[in-house]
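The data below hold one chain only, encoded as structure tokens and taken in the form predicted alone.
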Amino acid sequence: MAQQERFDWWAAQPLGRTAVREAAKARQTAPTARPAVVPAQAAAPVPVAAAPAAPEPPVVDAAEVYRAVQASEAFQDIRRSYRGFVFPATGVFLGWYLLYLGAQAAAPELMRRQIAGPLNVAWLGGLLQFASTFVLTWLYARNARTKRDRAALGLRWDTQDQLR
């Protein structure tokens, strides 16, 4: 009895990024009809030629890669930019909030003063707290988008390439 060749699923070469993207595009543009099912008896295994043994890639220690990234100047610039926005913005917002609370406790007559109709100084200050929260969130998102996101994404891709 002749020895039957077996199909080796693990011998296939890994696809690169461009091949994966092209395959995804092909799947999106392909018609949605399902192919006809072939009975198991009719499908014959495809013989695979023995692939040459590739040299083993060097083992990369992920902890060392992340320590190197953390020590890099690019990472420090991203952190410096983050701290340069977050710490002052937090201080300003916390000061504004504590001023509002202090005025409620120390000057209740001032806070009861009517501005327009039923709107008094306390209500206006409370509404401005909400407004300042939304403005601060918008400023943070804009700052992150314009100053840090691209640099962080580039650093992330470089790190992932080192880990492969």
Partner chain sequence: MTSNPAVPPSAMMTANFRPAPDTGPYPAPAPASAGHLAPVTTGAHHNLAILLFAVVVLVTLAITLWVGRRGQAAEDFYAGGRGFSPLQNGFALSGDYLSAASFLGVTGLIALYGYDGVLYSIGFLVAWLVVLMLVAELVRNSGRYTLADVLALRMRERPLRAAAGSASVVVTLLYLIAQMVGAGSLVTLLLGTSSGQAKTWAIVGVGALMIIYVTVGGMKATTWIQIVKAFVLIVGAVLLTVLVLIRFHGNLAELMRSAAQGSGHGQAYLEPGLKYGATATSRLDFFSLGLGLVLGTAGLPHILSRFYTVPTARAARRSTMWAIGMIGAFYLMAIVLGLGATALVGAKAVQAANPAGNTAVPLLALHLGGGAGSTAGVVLFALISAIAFATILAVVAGLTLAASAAFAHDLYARAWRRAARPEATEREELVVARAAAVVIGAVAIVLSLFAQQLNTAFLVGLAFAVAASANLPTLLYSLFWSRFTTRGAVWSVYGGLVPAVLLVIFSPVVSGAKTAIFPGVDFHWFPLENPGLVSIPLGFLAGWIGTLTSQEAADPDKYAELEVRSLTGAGAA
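These figures come from a predicted structure and were not determined experimentally. Numbering follows the first chain given and starts at 1.
The discussion below concerns the form predicted together with the partner chain, not included here.
S.K.: Give a yes/no on whether L101 approaches the partner chain to within 4.5 Å in the predicted complex, heavy atoms considered.
M.R.: It does: once the partner chain is placed as it appears in the predicted complex, L101 has a heavy atom within 4.5 Å of it.
S.K.: May I ask you to state whether Q162 is within 4.5 Å of the partner chain in the predicted complex, using heavy atom distances?
M.R.: Q162: no contact with the partner chain in the predicted complex.
S.K.: Given that the partner chain is not shown alongside this chain, does V60 nevertheless sit within 4.5 Å of it in the predicted complex, heavy atom to heavy atom?
M.R.: So V60 does not count as contacting the partner chain.
S.K.: Output the sequence-ordered list of residues from 131-164 with at least one heavy atom within 4.5 Å of the partner chain in the predicted complex.
M.R.: In sequence order, T133, F134, L136, T137, Y140, A141, A144, R145, R148, D149, A152, L155, R156, T159, Q160 come within 4.5 Å of the partner.
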